[in-house]
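Each of two forms of one protein chain follows alone as structure tokens, named structure 1 and structure 2.
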Structure 1
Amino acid sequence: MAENKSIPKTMWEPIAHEERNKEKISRPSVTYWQDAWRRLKQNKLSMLGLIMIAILFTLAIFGPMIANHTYSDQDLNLTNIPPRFEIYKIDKDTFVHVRRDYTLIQVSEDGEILGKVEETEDNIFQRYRAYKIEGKDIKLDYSLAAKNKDKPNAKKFMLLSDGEELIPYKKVFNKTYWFGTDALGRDLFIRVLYGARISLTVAIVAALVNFFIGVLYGGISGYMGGKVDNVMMRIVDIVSTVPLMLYVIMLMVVMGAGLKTIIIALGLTYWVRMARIVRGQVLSLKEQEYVLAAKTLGASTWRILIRHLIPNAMGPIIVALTMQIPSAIFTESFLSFIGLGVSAPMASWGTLASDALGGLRTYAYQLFFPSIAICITMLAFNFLGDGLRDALDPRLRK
């Protein structure tokens, strides 16, 4: 069934090797890490996670430096001010905000807090407070609050200026305290930033502990094998039967609450899972030819472990790290929440959330910000971890 169309003579010439390959596309060779990084970059969520973590670190390190309050500055006159509130216009340039405890603070039109207004009269029987602002008689009548106790959306107070009822002028964002203030008048934004410092400190400690104790323990156990491995893994088994939280709580009770204790407690207990993962990796890796080759060349056990085995187990180690770090942050906030974490006036996100519990119904924002901070951090680490797992998994390599 040969074709009948004639074929030019030149076509029958043999061709050189290079010419034959001209259609072939050559793929540049990339190392494992280059390839992993390339694939991580393709994963938008992971990059988002990475950027979020970078921003968190930047904010935690530099944020408190440039702020004009510190985490412990209290102003009992300015407690429980929300991050967004209604203002009333008294005069051309005079605005006030009515707080939930029916006192007045003076604010600017764009939401800057100017200070508490001292009342001229506080009548707790008739339930009103009187003020004198810019020559006007202001009366804050909150007698409605008692009547409408069970109706959450009903009107609770009236603000009268020279006997005339004022209506809300507008809603503004709090320019002075972006996240509002807590029950002691501390700047919630700064406290959340400080919380980030604590959480990230815990994250770094957890990472270091995992890396140095967990990786080495697992590496030695896996590489030594035999009896040593057996004993070492039995210890791990025993340590890991009881939840870490119980150990940590006991240590906290013994040593007293505080950041230092949290760090020690994490250090003593947080390497177990990593040790298991690394041991599994090393067990399979040590059978590989390059280890035999290194042994034949006379490399020391230590050198084989550090230079050959652990670098090759890096993928799973990094993936496990991105799982362990958020879990450590979780543990810290959990402990702080039950009152075993950092002590006042320092604040971690768990403490902030715990402090907010009492006023949850009225000042929900105080729970909102630390909770959101925890969730965003978790989300960032989870996104990054998921992406790393996909990027570092050799089975997915093409």
Structure 2
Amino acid sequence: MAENKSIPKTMWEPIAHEERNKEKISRPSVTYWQDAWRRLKQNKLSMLGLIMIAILFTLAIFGPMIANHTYSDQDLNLTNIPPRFEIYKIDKDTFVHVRRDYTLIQVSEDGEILGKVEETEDNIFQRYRAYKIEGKDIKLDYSLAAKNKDKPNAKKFMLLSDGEELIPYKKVFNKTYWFGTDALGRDLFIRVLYGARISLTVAIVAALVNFFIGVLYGGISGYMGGKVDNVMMRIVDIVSTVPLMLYVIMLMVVMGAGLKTIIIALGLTYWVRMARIVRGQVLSLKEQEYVLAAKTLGASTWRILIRHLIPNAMGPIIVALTMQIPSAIFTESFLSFIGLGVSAPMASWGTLASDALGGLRTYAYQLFFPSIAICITMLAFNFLGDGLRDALDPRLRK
């Protein structure tokens, strides 16, 4: 029978704390895109931009569907009504608003527009208008406007009820037209939403053109190299030397002004920068070992380009794509602003800004809303682009 041999206690040594945790997995394994999304979520401005873009798309798609007006509906009796205005109390349930052209609009106490009040007398010589509202004689005397035209803060009119001057009751928000109305009585809120549709359509077209033309063209040029690369890049140089404005003007001569002309012009020119970016990425990637391994296994040129090179260059591609979208939106707005974009009665942010210039000093809100829409959209895409640039850079991975 074998003897029981005990192991001396001196042979047992406790494991150091560092050795104990050496093989411990500090975090679960994640893919490149999972890690990029994790880092993107840590960037508050980028997430803010992403949320703003999602809200913009939602409003542009569904907002006009549930609205009571369309972008072309006009009511010349309700022109130039601001989004917030003063009201005057005639009696218990009757309120009016005095417009800049010294006419009366009947409103509710909470700001709902009820309609224009028809005058019973319009004396242009003594500068007053008379009304009959709920049995009361209302007189709107605007003779002070001429006397105080050089005094911005001076009183311009008096509103009298049975000879007694009325004072403003309170200020209310416009419940019928949230952003007010324009010079033709159209709902500015709905027109801004339709402008968002046009701008986002241009953004989507620019993204698709960049992705399907610029990426493939630059990828083929960079991978083939040699004379093929030289010829393809000279074509890019020729296309980029002609200004976008000239393309738009030439297309307008043939096709006329409109959204289709802008989309075709962007399609002809906006892929150039993306092609150069992708070419540079492919030139640096095509000498990698995995490309040589794919060639050794008999992979075709097309397969190597589509399955290996372009996916490995997707980080810079997505960043460039995100940064070029606001540029396309601003280009469309600028062309519409100078009269080379969409034609009336369609609503584009640039068209709305151009229409508002004539009444800038009197109706500044008509320029404010399309301008702030352009600013918010461009900032949102730029915030998202900056965040993607940091999130997709593997050198910043922690």
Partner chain sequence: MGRFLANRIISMLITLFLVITITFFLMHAIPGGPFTREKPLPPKVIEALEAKYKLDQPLWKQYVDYLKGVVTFDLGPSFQRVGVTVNELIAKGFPVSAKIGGGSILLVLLVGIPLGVISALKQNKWQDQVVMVLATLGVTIPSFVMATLIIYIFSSKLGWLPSHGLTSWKHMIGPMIALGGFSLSFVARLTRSSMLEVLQQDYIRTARAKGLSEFVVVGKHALKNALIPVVSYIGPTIAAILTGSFVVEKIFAIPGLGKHFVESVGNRDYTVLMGVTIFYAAFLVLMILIVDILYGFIDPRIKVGD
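Keep in mind it's a predicted model, so treat the numbers as computed, not measured. Residue numbering: structure 1 sequence, from 1. Throughout, rigid core stands for the largest set of C-alpha atoms superposing within 1.5 Å between the two forms.
Form selected (criterion: the form predicted together with the partner chain): Pick structure 1 here.
Superpose the two forms on their rigid core, then report whether the C-alpha of Leu244 is displaced by 2 angstroms or more between structure 1 and structure 2. Passes the 2 Å threshold, so yes.
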